[in-house]
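In the block that follows, a single chain appears as structure tokens, in the form predicted alone.
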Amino acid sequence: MSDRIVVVGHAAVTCLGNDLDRTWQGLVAGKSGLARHPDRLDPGSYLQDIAGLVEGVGPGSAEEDPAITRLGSRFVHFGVRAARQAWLESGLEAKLDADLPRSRVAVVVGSGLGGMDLYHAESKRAASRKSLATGPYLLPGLIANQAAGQVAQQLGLHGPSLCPANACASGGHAIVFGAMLLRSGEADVAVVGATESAFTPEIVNGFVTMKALMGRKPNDRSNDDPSQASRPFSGDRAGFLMAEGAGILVLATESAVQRLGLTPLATLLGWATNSDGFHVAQPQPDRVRQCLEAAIAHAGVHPDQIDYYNAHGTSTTINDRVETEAVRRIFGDRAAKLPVSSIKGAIGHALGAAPAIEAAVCVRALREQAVPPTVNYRPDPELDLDYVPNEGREVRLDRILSASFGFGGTNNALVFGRGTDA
């Protein structure tokens, strides 16, 4: 029988808080971390200045990590911070060398866009100096796998290292690939997740012009209250709102958990990935549904045993419609009673990091036996699921399905169970 995959550490850095405790408290309280940031997102350069920005962490901040101060890209700092928190929670630092060889710990930390903020800043500095030369740490801070590299370096881990760059599905793919390394015997423990910060005018404005990200709209309810800009599954949804942050899990084989005396937080029961093979950006309904079905089958459970669906839920017209239809077809008559929510209403869309943040939240939801709400929700007559509108809910949770989809037609789905399943 295959070794089961157990979660022994979980952490997140988001616009609601610099750790998972504060993020979770904000989510279940129905708060939003989205705000207008004209100081950092100059309206003269950005087509949208509402965003989910992380405060007080990163290059030049009061809580800057001194070990990586030369790397000026925010995604590296967020990833290392979340990894340190999850690693500390796992208790594995005390097990290294004597009980756990460092070569048996893998690191799989993805990013959709890497250090584009650093690239933009260095380009501006070079232009202002009228010089062709850039800073010597531009390339080390720009490459997308530097977050995985720094997690390995700062934690002293020497196993396999990977960096999935699968757009907004990167974090989910990182978790899947980490589980595959454990299942194949390549490692006993894997630090997995994703991190993102990609606020440059080109990226923000590019998302706006392709009508994925909500631009400025007259008479929109976000004009008076920016926290209402992201509203998944709502009748007046108008596109996603960009955010930054990181999510990290520490996975271990069940045999490693028992041998090392670790505390199970949750179980990764199953997973699936597939490709739409369809369009540069639009989801393909059948492939999305098939990915969710494959994850449920891989977990060895029936759809009726799923207690909550943590949605990709971007607040775009097409995604929320496609995802709703997939849930209807998989769960049948039970779909109307299944709690479904998207935390992107509260924390925006952190692109490649979003699936990993959502995975960390799913682990916390299993432990707290509560579902975070879909904030800013107003009914859409065409979307008729139970979206857990605006208020969190205490629910018995044994299994959670979480899914993410990315540009380029890349999909993944994860099924988590309670730690007692281990």
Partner chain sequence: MPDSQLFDTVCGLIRSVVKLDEAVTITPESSLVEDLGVDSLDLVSVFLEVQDAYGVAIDEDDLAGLVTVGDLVDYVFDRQASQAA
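Numbering follows the first chain given and starts at 1. Only a predicted model underlies this, so the values are computations on that prediction, with no experimental measurement involved.
Note that the form predicted together with its partner chain isn't included here; everything after this is about it.
S.K.: Within 4.5 Å, heavy atoms only, which of S131, S123, S255, Q282 is in contact with its partner chain in the predicted bound form?
M.R.: Filtering the options by heavy-atom distance leaves S131.
S.K.: Considering P226, G215, P264, G135, which brings a non-hydrogen atom within 4.5 Å of its partner chain in the predicted bound form?
M.R.: Of the candidates P226, G215, P264, G135, G135 is the one lying within 4.5 Å of its partner chain in the predicted bound form.
S.K.: Verify the contact flag for R40: yes if a non-hydrogen atom of it lies within 4.5 Å of a non-hydrogen atom of its partner chain in the predicted bound form, no if not.
M.R.: Judged by the heavy-atom cut-off of 4.5 Å, R40 is well away from its partner chain in the predicted bound form.
S.K.: Hey, in the predicted bound form, does R70 get a heavy atom within 4.5 angstroms of its partner chain?
M.R.: Looking in the predicted bound form, residue contacts with its partner chain include R70, since a heavy atom lies within 4.5 Å.
S.K.: Please identify, from 136 to 144, 110 to 118, 188 to 196, 226 to 234, the stretch that has a heavy atom within 4.5 Å of its partner chain in the predicted bound form.
M.R.: Flagged stretch: 136 to 144.
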